[in-house]
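Take a look at this one chain, the form predicted alone, written out in structure tokens.
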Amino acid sequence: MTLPSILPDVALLALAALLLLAGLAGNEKSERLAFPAAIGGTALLFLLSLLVQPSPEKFLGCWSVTPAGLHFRQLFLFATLLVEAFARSYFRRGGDGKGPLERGSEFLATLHLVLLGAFAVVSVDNLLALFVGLELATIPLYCLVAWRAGDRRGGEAAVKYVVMGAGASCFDLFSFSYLYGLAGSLDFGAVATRVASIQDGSGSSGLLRVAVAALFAGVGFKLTIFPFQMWAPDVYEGAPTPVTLLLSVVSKSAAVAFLLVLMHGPLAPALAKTQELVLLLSALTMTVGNLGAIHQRHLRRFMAYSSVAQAGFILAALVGPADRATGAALFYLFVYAATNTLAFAVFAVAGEERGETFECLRGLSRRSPALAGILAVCMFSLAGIPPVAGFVGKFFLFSSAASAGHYLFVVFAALNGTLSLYYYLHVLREAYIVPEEEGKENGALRVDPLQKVLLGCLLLAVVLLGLLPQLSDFLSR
């Protein structure tokens, strides 16, 4: 018996509604059961996504489950499951030197609305529906950033995020209005036909250039592409740490999917003429991210600049053929989600009482050699050093760009990647070399059973995907 391809989508909507109803109940029992229900439900949805088959059948006139869309669903569910497992301890005992977060059911319901928006991005074939999906994946994040009541930094971060997000949405709508004016339709097929005719010399390409430029300005905010990355350090630092992880893995993955859907969908005929713009933005983004991370002292600001640099590397893969670009981006985003969750988990344990700064890592190799070793694997993976999964992921990204003939750019990106090794090693210097200051010794580290399982599974995945290239190649394809 074949399961309906839309079953995970409907089940996700039902799960979000149930969590919201549990939040409205507001009793202690519903709050206590919220995280087990959400984690179990998301895990079940992930299993369902592995069992269903893509289908050309359309629902609601524009919603379908394509092969690439199904794989992106699996990525979104995997990343969300990691965020939920990571966030649980913040609602039980707090973190980053602050008290516990509250209203767990509502938090999880809002998180699943973000996930539903990400599903929509990879499911629709209409520009207006695509915009609605992207906004559904973004607007709930404004609430999540300011989730900790009374936190001045969180409120300030949310205001900055809202202002920048509103501007980005205006750029996206401006781009889509031009595409509608060119094609006379919002459907992807009609837009692709009109763009192809413009590339063949039938019609002016000026409006198309404006539409593409506005599109990259809009999605640049979501993906932290230069020069639209200014919000990231302040928002990453001000938001609760689970929300920061959500921004760095789920939100970024949705933005990559959005760009892939457009570049290899309705705008595919113009891809050859937009490659230079994409490569320029990629080069500037990875350089700015690498340079910005060097002098950071707060771990989440550091990870914000690291996220900017990673966005530059991912952007480079999108100029390749559709199948290679999608496979490389998907594989790297899976690896990035696992690696980032590992890093944030170590930061959370080390900085639970004193705050997540570089100083909280001092003496980590003495207090917990296992956590220090996990942190080393994370930093090497983010830097792309063999034999861990990050190296294989970057290889796939670079090979996608190389398949389009951009060999000089690949050399530049590889050299840029070596620059990132400097600041990732700086994190390990704090953990392994710099001693703790007298009178400021860190207390005992607390790692609950769920965190141990999470750390162990993700560490195994990051190591095995680096040591078994056959497995990595199979997953990428």
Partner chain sequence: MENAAALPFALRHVWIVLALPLLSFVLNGLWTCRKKESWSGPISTVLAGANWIFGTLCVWQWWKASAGLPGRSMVPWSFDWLTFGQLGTFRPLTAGIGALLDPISAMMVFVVATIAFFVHVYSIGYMREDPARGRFFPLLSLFAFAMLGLVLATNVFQMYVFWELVGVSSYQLIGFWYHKPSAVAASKKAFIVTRFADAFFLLGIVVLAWVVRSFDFSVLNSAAAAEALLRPVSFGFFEAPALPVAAALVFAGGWGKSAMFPLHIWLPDAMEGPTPVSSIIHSATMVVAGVFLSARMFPLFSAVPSVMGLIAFVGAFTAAFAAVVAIAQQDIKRILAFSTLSQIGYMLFALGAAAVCGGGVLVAGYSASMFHVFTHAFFKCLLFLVAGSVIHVAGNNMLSCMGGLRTKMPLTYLSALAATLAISGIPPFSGFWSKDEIVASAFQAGHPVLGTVGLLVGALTAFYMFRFFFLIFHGEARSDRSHAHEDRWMTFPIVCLAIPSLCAGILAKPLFESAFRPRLLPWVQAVEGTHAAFVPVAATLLALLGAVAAWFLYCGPKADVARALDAEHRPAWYRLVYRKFCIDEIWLFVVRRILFERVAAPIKWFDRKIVDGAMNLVGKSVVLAGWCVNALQNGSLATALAFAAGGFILVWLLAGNLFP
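Here the structure is a predicted model, which is why all the values come from computation and not from measurement. Positions refer to the first chain, counted from 1.
Missing here is the form predicted in complex with the partner chain; even so, the following discussion is about that form.
Q: Can you tell me which of 67 to 75, 108 to 116, 333 to 341, 212 to 220 lies within 4.5 Å of the partner chain in the model of the complex, counting heavy atoms only?
A: Stretch 212 to 220 is the one.
Q: Considering only heavy atoms, tell me if H264 and the partner chain come within 4.5 Å of each other in the model of the complex.
A: Contact with the partner chain, no.
Q: Just to confirm, L260 within 4.5 Å of the partner chain in the model of the complex by heavy atoms?
A: Contact with the partner chain, no.
Q: How about S251 - does it come within 4.5 Å of the partner chain in the model of the complex, if we only consider non-hydrogen atoms?
A: Heavy-atom contact with the partner chain at 4.5 Å: absent for S251.
Q: Looking at the partner-bound form in the model of the complex, is T357 within 4.5 Å of the partner chain by any heavy atom?
A: T357: no contact with the partner chain in the model of the complex.
Q: Please identify the residue among R92, R103, K98, K273 with any heavy atom within 4.5 Å of the partner chain in the model of the complex.
A: Here the answer is residue option K273.
Q: Using a 4.5 Å heavy atom cut-off, which residue among L81, L208, V124, A348 comes into contact with the partner chain in the model of the complex?
A: If I apply the 4.5 Å criterion carefully, the residue I get is L208.
Q: Heavy atom within 4.5 Å of the partner chain in the model of the complex: which residues of 212 to 236 qualify?
A: Contacts from 212 to 236: V212, A213, A214, F216, A217, F226, P227, F228, M230, P233, D234.
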